[in-house]
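Given as structure tokens, the chain that follows is alone and in the form predicted alone.
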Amino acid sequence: MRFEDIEIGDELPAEQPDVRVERVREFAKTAGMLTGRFVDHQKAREQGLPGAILPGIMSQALLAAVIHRWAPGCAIQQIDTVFRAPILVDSHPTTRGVVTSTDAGAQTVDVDLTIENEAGETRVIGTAVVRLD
């Protein structure tokens, strides 16, 4: 992907990341966040949650991954997220992105990002500044 190939409004390919409990457990263990709210539905319910939830940094990682698959070799200069509601473990979320602006001088694009649940509800929103050569 080259900067010259990108236009405002371009959509990143939507993806359905793997958020099965086994995958989340592996992530949480690596991140030092192996607690019940992330890997055990019953323990999460005991804490008042609807079930086990994705760690926030895993949600950010899923958004960064969709950018890197769209533009291999790019550099994410900044990524910000707002967590509106939790993403449930063992669910089927969809990550999406759209280019909202370009800066030819800096060779960067701004991308709006979302993670939606199966019902189409936006659970996480974000923006990223991505440098392309």
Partner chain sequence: MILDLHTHSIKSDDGRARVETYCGWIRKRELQIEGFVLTEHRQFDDESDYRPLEHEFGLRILKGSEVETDYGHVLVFGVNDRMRAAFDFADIDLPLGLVLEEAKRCGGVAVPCHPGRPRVGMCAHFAERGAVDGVRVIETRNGGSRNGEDAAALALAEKFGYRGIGGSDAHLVSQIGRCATRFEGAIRNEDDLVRAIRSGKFEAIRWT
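Keep in mind the model is a prediction, meaning the values are calculated, not measured. Numbering follows the first chain given and starts at 1.
Below, we turn to the form predicted in complex with its partner chain, even though it does not appear here.
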Checked Ser101, Thr94, Thr35, Gln107 for heavy atoms within 4.5 Å of its partner chain in the model of the complex; positive is Ser101
Taking its partner chain as it sits in the model of the complex, is Ile8 in contact with it (heavy atom to heavy atom, 4.5 Å or less)? yes
Please check if Arg84 has a heavy atom lying within 4.5 Å of any heavy atom of its partner chain in the model of the complex. yes
Interface membership of Ile125, its partner chain in the model of the complex, 4.5 Å heavy atom rule: yes
Does Asp80 reach its partner chain in the model of the complex if we count a contact as any heavy atom within 4.5 Å? yes
In the model of the complex, which residues of 101 to 116 put a heavy atom within 4.5 Å of its partner chain? Ser101, Asp110, Asp112, Leu113, Thr114
